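Listed next as structure tokens is one chain, alone, in the form predicted alone.
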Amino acid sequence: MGLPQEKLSALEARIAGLGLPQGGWSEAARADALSRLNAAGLPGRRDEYWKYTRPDTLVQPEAPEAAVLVTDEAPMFDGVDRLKIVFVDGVFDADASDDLTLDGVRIERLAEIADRDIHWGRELYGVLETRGQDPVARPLATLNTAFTTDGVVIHVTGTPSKPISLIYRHEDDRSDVMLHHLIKVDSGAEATILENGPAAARFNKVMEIDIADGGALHHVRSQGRDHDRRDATFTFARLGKESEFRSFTMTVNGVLTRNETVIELLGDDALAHVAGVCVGDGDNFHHDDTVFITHDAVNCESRQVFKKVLRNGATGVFQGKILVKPDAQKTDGYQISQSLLLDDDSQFLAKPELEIYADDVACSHGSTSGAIDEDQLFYLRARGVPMDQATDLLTLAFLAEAMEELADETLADHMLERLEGWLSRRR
């Protein structure tokens, strides 16, 4: 059965101005993605996993205008020693980037290698994205696989001496950007990937991550600055035996942010931690975390820790699922999503799920939403702490559990400093 006319028309309008890249090792994956996209269509409000988030502006033919924020605040991670890779409105900026040579890793650009006949990227490009479509369709990720033309291709063979930093700059208030990153971590190798910057008026990004036995990847991301930006990001990760994946995201500002994370633990004793904090102000702020973690091996651990602070009509969404397959005995799965509502106009919409087919597991999930604790606020006020400052202190305390997921203290300090600055500017 074909697509309903409404979805077909929306898809045709969206891809009318896009050209499907031809040739090279990625051609088959792109053709398959286009075929899947034609079968599924773009997301609509009636789709189950989009009922809390309107996808209209993410699927319309042109990006809505997003003003570029002018600020004298230093960019995130500015004081961190890192290898910088800069994209301006989706275009690689060689002058602003560092030399891509670094010990323990090989870094290439998708645009420069996609026309080759042979490359290891063939084994990964679109593969994890395709696997991530079951049981929930993620057509915006499929759109990216079909049509994106650039991104970074990273092969971690050892332990690089410093983090690899992906910096996204926004200069055109109508920019519409898609980037696709591939990350392959060899057995026993370990690396840290940093991401920051507003990227574009509308940003669609896919990251496919394959971590071999005993490998480790740390992913730390900051989304912020521009108030009018719209983001749809997708992280697909596959973990081998005794491997480790830790991902942390901090989000401030933006009209619409949808971060989807899909993780498969396929090797015994693997570990996956996904965490995030967001602070939103205003009725045009909408932030959505959607996470799907599959346990398909013995003695694996996963954690989902998400905290949102919302005020002045802001909206937060969390959809998280832990799937434990029959042979995934001794699974340890933990999921918590909480919101702090600083007024009566904001809202938090949560859909936590557990689906368990093994009998020797320890899995839990919880979701809460509430206001500032009046007793704690009174305690601080009684000791002379001004109301706004007391509220900020309690807000940071609320975010602490998620912030603790950041293993690197230097990066945690950078994040905490930015959160404190954001709160103080809005007192």
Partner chain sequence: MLKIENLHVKLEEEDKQILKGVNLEVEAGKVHAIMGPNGSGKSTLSYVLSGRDGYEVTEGGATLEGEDLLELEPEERAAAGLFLAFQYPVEIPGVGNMTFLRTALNAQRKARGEEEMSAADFLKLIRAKAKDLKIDADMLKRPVNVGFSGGEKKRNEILQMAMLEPKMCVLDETDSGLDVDAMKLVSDGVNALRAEGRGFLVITHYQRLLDHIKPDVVHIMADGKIVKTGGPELALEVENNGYADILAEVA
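Predicted model only: the values in this text are computed from it and were never measured. Positions refer to the first chain, counted from 1.
Beyond the structure shown, there is the form predicted together with the partner chain, which is absent from this document and is the topic of what follows.
Though the partner is left out of this view, N38 does not reach within 4.5 Å of the partner chain in the model of the complex, counting heavy atoms only. Contact check for P386: a non-hydrogen atom falls within 4.5 Å of the partner chain in the model of the complex. Taking the partner from the other structure, the partner chain in the model of the complex has no heavy atom within 4.5 Å of any heavy atom of L69. At the 4.5 Å threshold, heavy atoms of R381 reach the partner chain in the model of the complex. Contact annotation: the partner chain lies within 4.5 Å of heavy atoms from the stretch 391-399 in the model of the complex, the single such stretch among 55-63, 24-32, 42-50, 391-399.
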